[in-house]
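First, one chain by itself in structure tokens, the form predicted on its own.
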Amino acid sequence: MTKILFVCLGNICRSPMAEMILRDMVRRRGLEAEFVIASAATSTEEIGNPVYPPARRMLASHGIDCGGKRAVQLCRADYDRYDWLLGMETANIRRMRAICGGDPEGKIARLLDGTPNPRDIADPWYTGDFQSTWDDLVEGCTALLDRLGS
């Protein structure tokens, strides 16, 4: 079983979108039993809050439900719980390493590091561009599944 944790600043836009997109991809391939997929925040700002409405609408426009998802914070124990901890941008990676006490097993990376065009995924909370975020997340999740041979 492969355990994946997506991480962003608040866990209300990018990381829950990535979580739901990958869950949908895995479901469509009939691989649900092979994965544990979750998401978390590096900050405490949004803990307990639902997915941000524009992110929820973007997911819904693609037939993906995120009902019940609430923001949670990354904790040190998550490093041992997951095989991959995938941040959305360089700032997330720095904070993830600090929270986890480093990255001795090389589990922490940006989601798009596994693509032909490694880069940060812009935060749509600030940009308002949920379509570009969607596109980047689909690209990253597709590359991840390809890399995992799933």
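Throughout, we count residues from 1 along the sequence that is shown. Values in this document were obtained by computation on a predicted structure and should not be read as measured data.
There is also a form predicted in complex with a small molecule; it is not shown, and the following applies to it.
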{"property": "4.5 Å heavy atom contact, Leu5 and the small molecule in the model of the complex", "result": "no"}
{"property": "Cys13: touches the small molecule in the model of the complex, heavy atom cutoff 4.5 angstroms", "result": "yes"}
{"property": "Leu22: touches the small molecule in the model of the complex, heavy atom cutoff 4.5 angstroms", "result": "no"}
{"property": "Stretch in contact, per heavy atom within 4.5 angstroms of the small molecule in the model of the complex, of 22 to 30, 56 to 64, 104 to 112, 120 to 128", "result": "120 to 128"}
